[in-house]
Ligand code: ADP
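So this first bit is one chain, no partners, the form predicted on its own, shown in structure tokens.
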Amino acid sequence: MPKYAQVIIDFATIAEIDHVFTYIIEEQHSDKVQIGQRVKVPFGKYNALQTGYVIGISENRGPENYPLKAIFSIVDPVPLLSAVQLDIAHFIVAYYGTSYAAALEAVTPPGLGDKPFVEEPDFEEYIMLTEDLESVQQYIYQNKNKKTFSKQRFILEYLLDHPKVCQKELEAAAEFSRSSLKTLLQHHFIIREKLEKNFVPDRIRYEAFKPLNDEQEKAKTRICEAVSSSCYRTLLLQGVTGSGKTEVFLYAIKEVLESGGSAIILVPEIALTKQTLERFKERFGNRAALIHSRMTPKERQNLYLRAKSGKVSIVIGPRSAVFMPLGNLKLIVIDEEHEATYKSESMPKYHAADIAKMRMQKEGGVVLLASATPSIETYYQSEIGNYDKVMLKRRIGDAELPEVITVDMRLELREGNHQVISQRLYEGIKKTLDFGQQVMLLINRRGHSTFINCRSCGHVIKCEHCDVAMTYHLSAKSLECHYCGKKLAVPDKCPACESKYIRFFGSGTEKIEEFLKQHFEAYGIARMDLDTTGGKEGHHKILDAFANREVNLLIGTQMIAKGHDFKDVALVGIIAADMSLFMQDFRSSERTFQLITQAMGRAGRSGAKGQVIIQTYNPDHIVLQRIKYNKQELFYKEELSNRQLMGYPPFEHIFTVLVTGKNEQQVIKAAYTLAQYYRHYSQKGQTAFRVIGPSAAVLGKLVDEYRWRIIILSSDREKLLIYGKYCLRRYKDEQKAESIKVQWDIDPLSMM
């Protein structure tokens, strides 16, 4: 009896081919085709060979009324995808409304191509002595008194005691010399050969674990009890900055490994991955591995296979690490869970926390959400009992929460200080550096000046492709658009009125760096933003210099605010606390609270009380008041009350539609027409969908395209997704607006 395979074509991102195709499994392949494999199949009118994924096998051909084709060949000798990973792909399709091909692309490593995806043997260079030991002994005797012979002698005598040695082990010795090794190889006293590397997992280094205080011990016990129950649970580990959350989940992971399980640790920033990996390597050695976006496709493929074969038990990385094919997965930790980077901005627009929860439901494991400033949605779920909350209320050791001082920049202006640094912050920096401690300064905007303005006619130089002001970059001596990358020379006169009275306004990381170099350059200053962190090791070089005290004053954007642990940081300065407070996004208060609180947490982590100086033009703003007086619970309760009043998450779900095009009037017309579809079908279906808009997006023009947005809200997420996509499909079928592009998202984290 013939068998049939259900296949997804790997480029099936358009609706016409975004579904399962049935293929015959002929006799020569009947015992070889497996679910999760890639196969080559004839596809389309001309039977061009395409790669597809086998997602099911049955003995029934199904309801198709077209002539079935047969699988041509098998790409992978063993399945690329496990049953759990296929379940994840199905979940992405159903929960986010994306295509199967996009879901499978997210789950699999990049750059696979058409070649079989199998683990290749890992070889190492080994060194051994020639069998003629007598000639070796004679060579040592003849040259033993020569000063230049000491390195060769070390290698030969080492090999006499160790018959076969990995070259890397030999190279680690202080007495080793590469030129001496080369000489001995040329004289045939030693032999080098490649041997397949046998993987031996490192032992758990129990001595590297730090003692836990009573609060940490209780938190660890609760997490370990949840893991050992082998039942799905989601826990929120909420602790003040510096309370030792990482050490708690390191202990939990130790118990996971001791029971033969594995774990995934998600981190929000590339900048955090190295520091996190070092902590894990110190305790778990080669059982822990790192994945991130700056790795080559080949490196990511190799790690995927190592995880699949059990050579890695712990994977650390950003949101894509949630898909790694670890066996017996018992714990997924999402560190700094409040970060928006866990939500993908490209198809499929998944949130890593949703994937983690779905995966642990399948595998009977635990999701641990860790943050000092959890998202409003996570906080709410813990309040209503859907998540178990584990609290850490005090810092480890003798460390205290830092003193918080707000500086009213309006008073600074009245007193004649027009600099970007207030007098109070300047004095704080000087005192801290003179005392031998370190300073971190946060300003969440890169560049030197945020815009150029003509004092004569008021003209602001904007990007011709985007509806944003050009930012001046001192290092490049040019104006740059941070959205499309357009660069311009700095004009000598106003492009509008030809006046020479053009001035630079606003501040970015470069302006802060310029000011500080005039006063504190001798202490070592570094800047950390997108302009200085290019390349594979860009983040790590700057952070290593700061950790090694080569640099004592670090200026940066939000990438310096998250998760870093530097014991000598005594002062943190927040340069422009108001920057994100008044954005057109209902999450602006939450994000400001989280960013400033996280940045503050870098100060005073090793005993001496730290200090935080917040510069603001709105010192009485409710968010800054809650931060200053450490009223976190009050902030969350007030914010939840506001969200409930407005009908926003976590009480409602959001479906957003972004209409874009080259012609502004066509975009506006299309947005209003589409909004009519949403209102019409909402009334027709007698379902209470709330339609807001259309209105111009926060960024009204981006890369030569005008942008208008529609927002739809509902408490029923499943119906909202169906309704949102249905109206879009009706609009596209009936309007045929080919010059208009429409993008959508459900549960977005950005309203830009």
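In case it trips you up, residue 1 is the first one in the sequence shown, and so on. On a predicted model such as this, the values are computed, not experimentally measured, just so you know.
Note that the form predicted together with the named molecule isn't included here; everything after this is about it.
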Counting any non-hydrogen atom inside 4.5 Å, which residue from D565, E400, E383, E299 sits next to the named molecule in the model of the complex? D565
Which listed residue (R527, K245, H338, K330) meets the criterion of a heavy atom within 4.5 Å of the named molecule in the model of the complex? K245
May I ask you to check whether R587 falls inside a 4.5 Å heavy atom distance of the named molecule in the model of the complex? no
Quick check on R605: any heavy atom within 4.5 Å of the named molecule in the model of the complex? yes
Any non-hydrogen atom of P77 within 4.5 angstroms of the named molecule in the model of the complex: no
Check whether L212 has any heavy atom within 4.5 Å of a heavy atom of the named molecule in the model of the complex, and answer yes or no. yes
Please pick out the stretch from 414 to 422, 475 to 483, 245 to 253, 657 to 665 that is in contact with the named molecule in the model of the complex, where contact means heavy atoms within 4.5 Å. 245 to 253
